[in-house]
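In the block that follows, a single chain appears as structure tokens, in the form predicted alone.
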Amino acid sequence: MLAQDLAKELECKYLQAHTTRFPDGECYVRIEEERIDDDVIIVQSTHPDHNLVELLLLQDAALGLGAKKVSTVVPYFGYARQDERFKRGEALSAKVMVKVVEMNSRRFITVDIHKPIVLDWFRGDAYDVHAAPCIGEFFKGSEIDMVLAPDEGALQRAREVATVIGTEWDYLEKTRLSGEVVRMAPKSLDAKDKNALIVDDIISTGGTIEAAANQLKIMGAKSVTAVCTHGLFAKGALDRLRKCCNAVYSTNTIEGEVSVISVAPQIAKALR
């Protein structure tokens, strides 16, 4: 979906590569063209692991057909969180993945990567695209009264989304009431009778969003909507979030039933 949207934005040809698996699990990739005498943009996430192998084979297949330059768009960059060796003997996985992508690519684009600094390891042009403008456009004209970040570190994302929508923004502050009870509430804004939008980069298990949504409802919020860039929704997270949120959305960096917000316009700006 994202690659098709990107092709439309850039007014270029879209090709769907053929991929299959051999009985032993190994991957087979083929681009069904006689020759590619042009620049090529490959769109493929590196999560889960088998997608990384497909990406590397796609790069080689494009070059084998005569591609002049390969640009690699990794909508969701797996392993980006391990950007240093926290314990002796650990692999520096973020650097490993960047270097592997670099072997056959001159340009590298990610979307809301966990730590953009890891792109410094790429010896070429590397960009991290923000999904916030696309998320903001999706909710523009809606009845959202406030945009909330799950913590202070993510406030910039909430600000970007809120600016496009034209509404207030804040972050959720955690206050420990006891050894087992934690209260989450907007730092400055009042959620009573408000339609709140919680914006995050990744929703994995959804625990933070679930706790925040429940707290906002207790505080009198009229509605709570959750949106993220990368919707992993592990361990039944989507079903749980639907019970406490009025709606859940994600961008199409990872395809799923709620990935209705396309980040193609922002990626296209970086590629032009």
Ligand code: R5P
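One-based numbering along the sequence shown. Please read all numbers here as calculations on a predicted model, not as lab measurements.
This protein has a second form, the form predicted in complex with the ligand, left out of what is shown; the following refers to that one.
Comment: the ligand is not present in this chain, but in the predicted bound form one of 106, 81, 140, 183 has a heavy atom within 4.5 Å of it, namely 81. Exactly one listed residue, out of 100, 92, 189, 202, brings a non-hydrogen atom to within 4.5 Å of the ligand in the predicted bound form: 202. Of the candidate stretches 242 to 250, 207 to 215, 45 to 53, 66 to 74, only 207 to 215 has residues whose heavy atoms lie within 4.5 Å of the ligand in the predicted bound form. In the predicted bound form, the ligand stays beyond 4.5 Å of every heavy atom belonging to residue 194.
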